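Next up is one chain by itself, shown in structure tokens, the form predicted alone.
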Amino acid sequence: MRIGITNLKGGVGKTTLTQNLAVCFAHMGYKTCIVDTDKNQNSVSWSGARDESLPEILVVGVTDPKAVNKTVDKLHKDNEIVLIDGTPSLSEMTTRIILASDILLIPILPSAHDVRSMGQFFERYEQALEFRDSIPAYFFVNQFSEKYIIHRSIRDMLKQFEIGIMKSTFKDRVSYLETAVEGMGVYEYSDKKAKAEAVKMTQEVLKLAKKEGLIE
């Protein structure tokens, strides 16, 4: 299964979602790798910091848009799950990531500005649909708190885009920042609440993938 994690806006949690999904999948026994398409190569650096005693997660850096599809397809032959860590850009890279994916996850922060910025992304998404019949996509709300009315209202605003909205969310926890520095995921960390969030999110992704016929 090839999972694209993308949004044209930076700072929404693409890399955080990618790395924590990868760690959970790896601990579940799936052979998992990451394709890092961002010029900063944060997932590549994360991999370099990862302790050898932890489950192995291959990370391959690809910054040439023309190489994305070939690289993803090649890695998919040897890995059960390929996660594509997207880049905040209106470039060809975004379209390539969408077309290389079996399913798209779109991390977004619960702010009106982030919702308004989605228009340009969906122009790219609709262009990609001209080449493929179906590319299932789902919003994932990052740094969400149920206690804030504005957060709940903004999550409701996402319904206008007529794609799925994941029920699971990440809260604004320092654990996600600390583990990124150590080459870990929160599943491997001491914060039990963050770990529970990551497990719930991963289980929901698997459920969605099953619903879309991507896994049995």
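In case it trips you up, residue 1 is the first one in the sequence shown, and so on. Quantities reported herein were computed from a predicted structural model and do not represent experimental measurements.
If you look for the form predicted together with a small molecule, you will not find it shown, but the lines that follow are about it.
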Just one stretch in 46-54, 22-30, 176-184, 65-73 has heavy atoms within 4.5 Å of the small molecule in the model of the complex, so which one is it?
-> 176-184
Contact flag, N142 vs the small molecule in the model of the complex, heavy atom cut 4.5 Å = yes
Does any heavy atom of E188 come within 4.5 Å of a heavy atom of the small molecule in the model of the complex?
-> no
So in the model of the complex, does T202 come within 4.5 Å of the small molecule, heavy atom to heavy atom?
-> no
Determine whether any heavy atom of K195 comes within 4.5 Å of a heavy atom of the small molecule in the model of the complex, and answer yes or no.
-> no
